[in-house]
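Just the one chain here, laid out as structure tokens, in the form predicted alone.
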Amino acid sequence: MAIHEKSLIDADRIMEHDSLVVDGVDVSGHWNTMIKPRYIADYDDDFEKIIQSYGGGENVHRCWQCGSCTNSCTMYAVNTDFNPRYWIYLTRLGLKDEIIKDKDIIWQCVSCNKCTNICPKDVRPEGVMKALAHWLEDEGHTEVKPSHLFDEEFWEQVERTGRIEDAHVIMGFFKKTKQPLIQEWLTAFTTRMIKHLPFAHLFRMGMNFVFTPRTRSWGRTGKVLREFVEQQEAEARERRQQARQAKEAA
């Protein structure tokens, strides 16, 4: 089979010859670039269900490959290797190994949600990107990313107080990522705040940092929210476990 777009084919599957005659026809030159046939057997029938068990991946089965997500993608405009439509396609086929090849790119999603807003089937591609990134982390293919740790710190503070205090979020995030608290950009940012913000506002910020306020009646509300999140996570783990067991039994 002759090909033109060699960049789309794995290098080990491309065959090239200085000269080549096929069935008595000289196809030397441009047309002597050939591709080995590919038979896909290493797919996982349950992979789509596994991704659906992650928050954000629930609607991946709705995709009809229109390409609107990739066409609108902020990251695709910068790096054409970032391709949500392609990864959703691989997810539906169960081609995990192909997704793992792009493990260092998928997490670069900036959550602009352009893809989600334009998707005609409500696939929520941005959520699928996050689901794939979390699956890669859970399976040990990638390290836990700083963005994930930031999300954890943000959620933990909301769970405790029903609101966020920026300074506490930053400090907690720095602690989780083992970064020094004193950083050049943070020092410059703080200096500008002191120069330009009214004293009363700075005073309230300082008091909120020392005595972290709580949303009124948050104790009960926070408990309900925490129980709901724990239930959702438990159900997701159960679905993933069932999918793995079904695969092993097959």
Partner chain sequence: MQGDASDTVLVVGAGPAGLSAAASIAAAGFRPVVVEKEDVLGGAPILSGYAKLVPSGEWAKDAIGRMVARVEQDASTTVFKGTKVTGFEGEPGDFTATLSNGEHVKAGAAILATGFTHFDSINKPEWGFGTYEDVLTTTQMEQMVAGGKIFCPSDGRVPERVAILLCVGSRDRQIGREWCSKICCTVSTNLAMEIKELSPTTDVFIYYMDIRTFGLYEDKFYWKSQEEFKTKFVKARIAEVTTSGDGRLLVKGEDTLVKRPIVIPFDIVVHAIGMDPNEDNPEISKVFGVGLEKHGFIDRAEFYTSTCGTTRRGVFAAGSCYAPETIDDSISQGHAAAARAIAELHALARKKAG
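In this text the structure is predicted, and so the values were computed from the model without any measurement. Residue numbers count along the first chain shown, from 1.
The same protein also has a form predicted together with its partner chain, omitted here; what follows describes it.
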Looking at Phe173, Trp107, Tyr76, Tyr86 here, can you tell me which has any non-hydrogen atom within 4.5 angstroms of its partner chain in the predicted bound form? Tyr86
Considering Gln183, Gln65, Thr190, Asn208, which brings a non-hydrogen atom within 4.5 Å of its partner chain in the predicted bound form? Gln65
Proximity of Ala133 to its partner chain in the predicted bound form, heavy atoms at 4.5 Å: no
Whether Arg220 contacts its partner chain in the predicted bound form should be assessed with a 4.5 Å heavy atom distance threshold; does it? no
Is there any non-hydrogen atom of Lys101 lying within 4.5 Å of its partner chain in the predicted bound form? yes
Taking any heavy atom pair closer than or equal to 4.5 Å as contact, tell me whether Ile40 reaches its partner chain in the predicted bound form. yes
Options 154 to 162, 120 to 128, 137 to 145, 173 to 181; stretch whose heavy atom lies within 4.5 Å of its partner chain in the predicted bound form: 120 to 128
Mind listing which residues of 156 to 195 have a heavy atom within 4.5 Å of its partner chain in the predicted bound form? none
